[in-house]
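Look below for two forms of one protein chain, each set out as structure tokens: first structure 1, then structure 2.
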Structure 1
């Protein structure tokens, strides 16, 4: 049982800032996903918890205890590496046993723990093999097993699924979540895959260029992204971010003016002091192609993905607008001029065009 806290943590490598003034608390028993594009510093955050990298500034606490000067082996954390980092010269059994041996666990107990873990991860028939004789998925399970054998207070996982093929990834994803729920071990999980993050995380910390952008549950992250980066990073296709201004329609009702027309201003924003230039954030699934719609656009291409269709259109200023619709609806032709309607105008979000931050609604 453990909590992990970051207090004003920064880390530089030469001139580049890997982590910039990070403040974050991982709750006891939580599975927290660190999500971001490659090079955003998420792996460095993980490595600092492990003690493999040392922060230049700030404190890292595990269970309220500062661990900055504690050696990795004394931190009671276990890590699953992206490459698995199995010991190539040792059998699966020996790989699993390694952390226990190093901690001086008795042989009889070691054997019992190893066979239990092997059973859980379906590794029992592979115990005498060497890593080179295993498939990618099997290696991944050994890496996972090596992390759980000694019941650490913290699990650290650095893109553990990125070397697996798509089908296996989905399966293992569920296994890891199930395992974590059962053990209730505080877990930090690094990934650049938003689907992985959304399906696995209790909470997700989105990072960009070393800076924490938003920390929230998957649901909040999706419905209320803190800024244009998060809005554009999550969702497939991501949220449409349309540059516009806030004004009044000819009838006098408040609207967001865009180059291809206008969208009604959600009531939660009415009467607020709004910035002049904004981005209107609309999820593609909240839009519909409709001859009576308030936006006009030209279809660039329609991507048919089986059950759904992504209609990619261009507004008069050239910016893209994506509509996600069911496959059974008529599909617009290429270069066809169409009109688009917002299904639920209240779900539209406003972002300050200067700062990129979401405008707080009432």
Structure 2
């Protein structure tokens, strides 16, 4: 097992900054997910750990040893790619043992290691097949097995499930998590899929344009996003971010004024020196369609998703607001005028409209 440390790491490709001053520590035995949109630098971070790309600035350490000048083969890391990268002319067994052959491991030991890994990944019946005879999920398990046989200090996984269909992704990500928990090998996992990140990661590092936005557990990221980017990126559907100002209601109580009405100001913000312009962050599941609600909106569309419905609405200023409700509740019609209330005003977050950062509450 190992720790991985990034100290002020930057990487450029010409005039493009792929990674900008990254400071991050992956803990021993942790499964850390790098999450962000395409082009945010997450795969470049992985490639720098593997030694496939060199940082322009900063240090990368594995087990407290700087590896900037260490050859990829000497870093004791194993990488699993999106494309499987299997040898098509070799059987599953030969694919699995290939890294061991390269290391000069004796045949008897090779066979034992391959047999153990195949049993772990439920590949034993497939050992004599070639990749063309396997399903996508089976090929991905072979790719995982080829990394496992090396018994590396670090696993690096670059969007390994993106070529699988939805059902296989769910099954295979559960297998990866169970395997990582059993082996306790330090793992960095790259994905743009927030569901993968939230269900797999011990912690998640959210990136945007090469910059680390927030590093936290899935629970903290969801409940206390650091800024509007993280708030809007995490969650399905994402957090509502409604432009408004802080003021007082006609009764004198503190409220957040929006174009469609107002929301109560959470008590944790009362008495603080707040920005003049804010975004009110409200999760869709914290809202309810209610004739007595304090917000006025017009239904754009209602998406029926089996057990739940996403009611997508528009406020008078054109900003969108989504309500997530149970499918057995009345579903508003398109272009219907409705009112919405916040179930738990204390769950509302405020973000500075200028900086985008979450306002620290008491």
Partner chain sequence: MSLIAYCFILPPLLVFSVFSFYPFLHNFKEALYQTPPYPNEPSKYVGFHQVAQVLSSTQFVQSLTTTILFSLIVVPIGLILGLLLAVAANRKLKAIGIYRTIFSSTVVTSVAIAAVIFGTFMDPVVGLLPWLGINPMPPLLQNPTWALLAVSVVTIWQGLGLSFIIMSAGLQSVPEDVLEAAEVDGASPVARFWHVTVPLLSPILFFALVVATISAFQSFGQIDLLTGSNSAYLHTDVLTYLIYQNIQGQAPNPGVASVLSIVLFLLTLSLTLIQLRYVERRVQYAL
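We call the rigid core whatever largest set of C-alpha positions still superposes within 1.5 Å between the two forms. Residue numbers count along the first chain shown, from 1. Note that the coordinates shown come from a computational prediction; the quantities given were computed from them, not determined experimentally.
Q: Looking at both forms of the chain, which one is the form predicted together with its partner chain?
A: Answer to the question: structure 1 is the form predicted together with its partner chain, whereas structure 2 comes from elsewhere.
Q: Aligned on the rigid core, do the two forms place the Cα of residue 194 2 Å or more apart, comparing between structure 1 and structure 2?
A: No, its C-alpha moves less than 2 Å.
Q: If we fit on the core, is the Cα of residue 182 displaced 2 Å or more between structure 1 and structure 2?
A: The answer is no; the displacement is under 2 Å.
Q: Just checking, between structure 1 and structure 2 and with the core aligned, does residue 91 shift 2 Å or more at the CA?
A: Yes, shifts by 2 Å or more.
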